[in-house]
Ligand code: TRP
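Take a look at this single chain, the form predicted alone, given in structure tokens.
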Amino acid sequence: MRILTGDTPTGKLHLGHYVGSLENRLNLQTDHECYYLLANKHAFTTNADNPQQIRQNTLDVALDWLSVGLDPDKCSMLIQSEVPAIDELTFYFAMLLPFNRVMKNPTLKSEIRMKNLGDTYPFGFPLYSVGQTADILAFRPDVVPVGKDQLPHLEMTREVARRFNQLYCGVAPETPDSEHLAAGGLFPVIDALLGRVERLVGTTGPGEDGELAKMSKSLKNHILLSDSPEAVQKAVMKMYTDPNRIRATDPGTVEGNPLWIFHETFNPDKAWVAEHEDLYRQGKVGDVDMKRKLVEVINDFLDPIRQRRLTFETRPDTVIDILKVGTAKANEVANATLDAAKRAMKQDYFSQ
């Protein structure tokens, strides 16, 4: 299978990114043809006045990828702005999506609200969601590993693939998604692959809606993959738990408690977790001791990532070379897709 996924570089990655998508990328890279995209142009939607920061964020995310174990011998890591075919496909795909459909994308609406953009966002902000369809379809992948909040973008991608195949390739509207390629379509109607944890909660308490917020840098409720042991300890020891548990001997609630969500997600000793969740419910173990154990668990998880990071931090030219090689391979695939799309659209004027 061919795999395509990526990240918009808005800063260093955190534990939510790992369980939401990075873990799947690691599992897929050995046996599949994988392309992992640094969507640096999308970062301009909210940070166009700070291109140097976008550049640094792009390199930081690449370093995060290499630190968690993505292997350039097994996958291709690419920089979006260095693949021109994506831009041309974005223009064509924009003609297949009504503007009001783009603006109804719930992820887009949520980002406008969370980032307090009001009606001041640039035209490029809604355009980036169309661009995401081109990011994906330029590589004609079978599967796209994503976090749950990206599913609306993938549904738009599926709509574009269907529309293009019907309009330019003669695929009948009633054709099942899985049969579009066999029916002569150019683009697969892609499938999503969600992470082991679809939405990792943050370390702080509920928001105004009473729900636990997902881990997010903008909400400052995150633990970065690059955090030091001291930073992990500080974040965990301040972690929100059961607000109704006043004393360590009070019975505690496990369900919906970030302390135990993190143990269930990152603690490899499942028997210990089950035993201590039961003790917690009975008021026989305290929050502080369970947090100390979680500090140990997360730092054990992050230690090999930290070691790999040190290796690549001292070799910045190597990181650039890895991206250059991956981007060159990506251009071959994306250019072939663009050529095929222009033939289907009767816009291949100079082809032999």
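All figures in this text were calculated on a predicted structure; none of them were measured in a lab. Counting begins at 1, following the sequence as shown.
Another form exists, predicted in complex with ligand TRP; not displayed. Remarks below refer to it.
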Looking at ligand TRP in the predicted complex, do all three of 201, 239 and 261 come within 4.5 Å of it through at least one heavy atom? no
Of 171, 146, 85, 232, which one comes within 4.5 Å of ligand TRP in the predicted complex, counting heavy atoms only? 146
Among the candidates 70, 54, 297, 39, the residue which, in the predicted complex, approaches ligand TRP to within 4.5 Å (heavy atoms): 39
Contact stretch among 89-97, 128-136, 175-183, 274-282 - heavy atom within 4.5 Å of ligand TRP in the predicted complex: 128-136
Looking in the predicted complex, any heavy atom of residue 150 within 4.5 Å of ligand TRP? yes
Please determine whether residue 4 contacts ligand TRP in the predicted complex, using a 4.5 Å cut-off between heavy atoms. yes
Applying a 4.5 angstroms cut-off on non-hydrogen atoms, the residues of 8-29 near ligand TRP in the predicted complex are 8
